[in-house]
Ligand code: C2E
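Below you will find one chain, with nothing else, as C-alpha cells; this is the form predicted alone, and questions on how it binds or moves follow later.
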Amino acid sequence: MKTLKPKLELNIAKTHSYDILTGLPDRNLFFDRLAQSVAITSRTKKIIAVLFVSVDRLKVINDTLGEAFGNRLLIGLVKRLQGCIRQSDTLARPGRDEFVILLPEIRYPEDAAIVARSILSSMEKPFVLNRQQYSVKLNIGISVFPDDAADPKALLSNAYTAMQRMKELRKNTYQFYSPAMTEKAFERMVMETGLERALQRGEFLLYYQPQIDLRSGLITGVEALARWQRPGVGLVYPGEFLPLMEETGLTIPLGEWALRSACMQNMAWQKAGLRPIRVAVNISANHFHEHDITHTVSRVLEDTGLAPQFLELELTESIFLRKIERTIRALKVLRKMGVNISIDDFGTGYSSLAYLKYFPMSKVKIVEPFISSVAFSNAEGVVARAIIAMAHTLNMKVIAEGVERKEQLAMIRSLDCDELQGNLISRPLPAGKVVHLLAKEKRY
C-alpha cells in the first residue's frame, strides 16, 4: 500500500495541472513555464512570444449541437494546433474556448507571425463530424518579450488584449500587441462604467423608424431603436455600445426599459387621437432566455394599457438555437396573447426555412444584404423568393429592411414583399417627429 501512495499523489497533482478534456497544461502550469522562460531569456539575446487563441462561436455550437459535440470539435482542434508548433513550445488551455501558446527562444517577432499564419491556415479545411462539415474561426493575439512587457503577467495580459481586439473587429486573423490597445481597453472599461450609470440616470432615448405597408402606402408600424445621449459626447448609436452591453449582461435592463418605454409611447400616440400602429421592440437572446419573457411582456402591457396587437417583438436568430422546446412554448403563449412576433435579419448565420414552419411567428424580416444591390444574383433571388413564398403560405408577412434607393423599392415590390423599412422612407426619428408623420396620413 505504501508504494501506491506516491503514485496516487502524483496522479492528483497531474490532474490539477492539466486540462481533463484535452490533456493540455492548465493556466497555472502554463504560467509557471512562462515565468521560467522569461527568467532564462532575460540572460540571453533571444526573445519569447505568447499567442492567445480564441475559438469563435464555440458557445453557439455547444448550445445548438450539445457539449459532447463541442468537445469532439475541440479535441480535433487541439491536434491541428499541436501540428503547428515545435516540441519545445507549450500549448495550454486556460479557458473553455481559449488556448495559449508559449514560443520560447525565437529570434524575431516574425517567427510568431509565421506560427499564427500556420494555425489559421490549418483551420481552412473544415472539421468533419457525424458526416457534416464545420468551419472554425480563430482570433489570435501576440505579445513579445521583452518589447511588449517585462514580466510574465503583463506579457500574457497583453497577448489577451490583442486577441480581444481581433474579436471586436471580427477579423479571424492575428494581431501583435501595441500600447494603443491598452488605451482602448481602458476606454472600454470607461464605457462599461458609463453604460451602467446611463441606465441609472436615464440617458437612453428611443428613436422610431417607420414601417410602410406596400399596398396601402401607409405607416403601419415603427421599430424602436435605442440611442445613448452620452454626456460630453452626444448621441451614440447601438453599434458602439450594444456589443459591450451583450457581454456584460446590460442588454437585459436595457431591453426591459425599451419595452416599457415603447409601449408607453405607443399608448400616448393613441390617446392623442392618432391612428393605431404597431411598435416593434428588439429582444436579446439573454433577455428572452434568462427571464420569463411572457411574464415581462404581460406585465408591461397591463401597466401601460397597450393592446397586445400593437406590440411586436423582434427576435434574432440566436434565440431559436437554444432551449428549443421552451422557446416554442414561450412563443405560443405570446402569440395566444395577441403579441406579434418577427424574426430579425432572416437569412444570416444558422437561419433555416424550417424556422418558418416550426416557430409561431407573424413576420419575417429579410436581411439587408439581400437588397443591398439593385439586382439580385440568381442565388439570392431564389432564396429571397423561397422565403417570401413559404412565409405567405404560413400566413406570415415579409418586411424588407435597409431600403435605401427607389430601384430597391421596385425590386422588393416585384418579389411581393408586404412591408418595407429603410432610409428611403425615413431615418429613425424622435417620438415628436413621428407624431407629425402619423398626423399627415401620407401615402408613400
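A residue's number is simply how far along the shown sequence it sits, counting from 1. None of the values given here were measured: they were computed from a predicted structure.
One more form of this protein should be noted, the form predicted in complex with the named molecule, which is absent from this view; the next part is about it.
Although the partner is absent here, N282 is a contact residue: one of its heavy atoms lies within 4.5 angstroms of the named molecule in the model of the complex.
Proximity of Y237 to the named molecule in the model of the complex: non-hydrogen atoms within 4.5 Å are present.
Put simply, Q209 is close to the named molecule in the model of the complex: some heavy atom of it is within 4.5 Å.
Looking at L242, you'd find a heavy atom of it within 4.5 angstroms of the named molecule in the model of the complex. Of the candidate stretches 221-229, 155-163, 72-80, 115-123, only 221-229 contains residues with a heavy atom within 4.5 Å of the named molecule in the model of the complex.
Distance criterion of 4.5 Å from any heavy atom to the named molecule in the model of the complex singles out D345 from the list E98, D89, D213, D345. Between the options L313, V144, A258, L138, the residue in contact with the named molecule in the model of the complex by a heavy atom within 4.5 angstroms is A258.
Contact annotation for 403-422: residues with any non-hydrogen atom within 4.5 angstroms of the named molecule in the model of the complex are V403, E404, G422, listed in sequence order.
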